[in-house]
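This document opens with one chain alone, in structure tokens, the form predicted alone.
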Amino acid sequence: MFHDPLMPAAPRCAEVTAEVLSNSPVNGEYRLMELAAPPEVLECHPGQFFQLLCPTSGADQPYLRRPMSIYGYDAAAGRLQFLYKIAGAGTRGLATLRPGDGLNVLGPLGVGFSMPPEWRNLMLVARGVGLATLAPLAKLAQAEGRRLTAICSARRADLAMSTDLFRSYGAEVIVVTDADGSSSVESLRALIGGRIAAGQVDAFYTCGSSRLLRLLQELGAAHGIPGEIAMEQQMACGIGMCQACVRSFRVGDQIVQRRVCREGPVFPIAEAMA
């Protein structure tokens, strides 16, 4: 489930220039970019990420690469997808890319999700672009015959991400929103608690939200349900050298330091600290 931080996995990765096939809005906040990528960067696993060399745009001059979770990959078709929100200089540069342009990518990087055989009933809980990280996991769950529930949280229903994609992978999709109050901690605790009582949850998966992390930690501890989280963190190198992405984790009665890019970005939910 987790690699010893003293002996981290050595992921196979490559630096290539991939061709942009499309780069289009999917709603009022997010864009989906699809690349034609060579085989050497398509030996991916759900939960891994790439470091993107974002282009310059006007006054924006991104200096460092930007880490981005994999939204989709298909080695047979030679396709790689990223879902992103325009939030700064790097993503503003990404939004300028047009079909036929090249994008320098480095990856796949990091340690992805695990899926032990005994985890048959999986619950995915995430919000916004955090759902992008879980999309490849849902595809793998379908391929392995797991039962999947995806709770997709958003400010409004029209901003809920990847609902049709999760349904195409056989998931039961539940959309909760700030607008109607269904995304509140109290509402989610009742919703998830009901599924647990019915024996429909063997493991949790989440990404990003500290509020959701704390809720899943509480429910997991109370009911003995394990799970994993893909941590979001600013990075510089993405390969473990610069130490810029170190975070604290609770292991037993100790606090340990781990690099999100190298020992993660996926960690046991119980060990993550919001």
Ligand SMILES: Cc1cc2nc3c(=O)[nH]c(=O)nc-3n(C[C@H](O)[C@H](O)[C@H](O)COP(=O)(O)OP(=O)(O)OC[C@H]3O[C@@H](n4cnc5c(N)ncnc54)[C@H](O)[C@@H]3O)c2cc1C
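Residues carry their position along the shown sequence, with the first being 1. Owing to the predicted nature of the structure, the values given are computational and were not obtained by experimental measurement.
What comes next is about the form predicted together with the named molecule, which is not displayed.
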Discussion item. If the cut-off is 4.5 angstroms on heavy atoms, which of these, 148, 105, 129, 174, is the one near the named molecule in the predicted bound form?
Written reply: 129
Worksheet item: Using a 4.5 Å cut on heavy atoms, which of 41, 231, 32, 219 is close to the named molecule in the predicted bound form?
Response: 231
Worksheet item: in the predicted bound form, which of the stretches 90-98, 194-202, 164-172, 116-124 has residues with heavy atoms within 4.5 Å of the named molecule?
Response: 90-98
Item to complete: Give a yes or no for residue 213: in the predicted bound form, does one of its heavy atoms lie within 4.5 Å of a heavy atom belonging to the named molecule?
Response: no
Discussion item. Quick check on residue 68: any heavy atom within 4.5 Å of the named molecule in the predicted bound form?
Written reply: yes
Discussion item. My question is simply whether residue 235 lines the interface with the named molecule in the predicted bound form - judged by any non-hydrogen atom within 4.5 Å.
Written reply: yes
Discussion item. In the predicted bound form, does residue 83 come within 4.5 Å of the named molecule, counting heavy atoms only?
Written reply: yes
Fill in: Residues in 46-60 with any heavy atom within 4.5 Å of the named molecule in the predicted bound form
49
